[in-house]
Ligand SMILES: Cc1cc2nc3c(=O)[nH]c(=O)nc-3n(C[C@H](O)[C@H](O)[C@H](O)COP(=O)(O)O)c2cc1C
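Listed next as structure tokens is one chain, alone, in the form predicted alone.
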């Protein structure tokens, strides 16, 4: 089974290509998490989890889904982490999660995809994004072959201090910076409601004719990048930046 969590589509794109290659279905974990379901799975095959890297570790929306779900003891688990540069400490985080859940950790592989964190980082041009997505396809197909053949990854070994510091920075960022108060809709908003529809955590509601953000935000940037009128800003951090419309837009 192939599960994914995705905001702007990078991890979904990877998961769907992997799923087609290994003849499986790609399942969006938010179909469970939005309704606070705690699923129980019985398949004895390999479980594949694809999600973005947030602050050098797998997005918590994915790790929390895995922690809440039930899997057969000893089932194999393979992780795919999409990132703009590096998946950081993801292998160790995933390995520890598997130990906690009684899963056999097979490995973690990264796939470099276009930058989408418009609130903080520089965004690439459309042409740069096209090249990144096209270059990623051979890597995705290689990972699919590894999963099909039962291969394991050769993970980097992290020093205890490096691992602890990265986890601390991640925890501080989640608690102190993943806020919604800087999100706003400008006068360009046409009240289409797409931002509310694409939010994977159902954290946006249409309050009158404008979107309103709740507190349950993971900074996936789906709302701001997928707004058809580019009417959503995140303080001054997003102003004037190119929006990322997703990997499919790079292959057209």
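Numbering follows the first chain given and starts at 1. All values derive from a computational prediction rather than experimental measurement.
There is another form of the same protein, the form predicted together with the named molecule; it is not shown, and what comes next is about it.
- The candidate spot formed by 58, 77 and 153 is out of contact with the named molecule in the model of the complex: none of the three has a heavy atom within 4.5 Å.
- The contact with the named molecule in the model of the complex, taken as any heavy atom within 4.5 Å, belongs to 84 out of 84, 146, 169, 137.
- The named molecule in the model of the complex is approached by residue 220, whose closest heavy atom lies within 4.5 angstroms of it.
- Looking at residue 178, you'd find a heavy atom of it within 4.5 angstroms of the named molecule in the model of the complex.
- Not displayed here, the named molecule is approached by residue 54 to within 4.5 Å at the level of heavy atoms in the model of the complex.
- Although the partner is absent here, residue 91 is not a contact residue: none of its heavy atoms lies within 4.5 angstroms of the named molecule in the model of the complex.
- Contact with the named molecule in the model of the complex, defined as any heavy atom within 4.5 Å, is confined among 108-116, 138-146, 125-133, 94-102 to 108-116.
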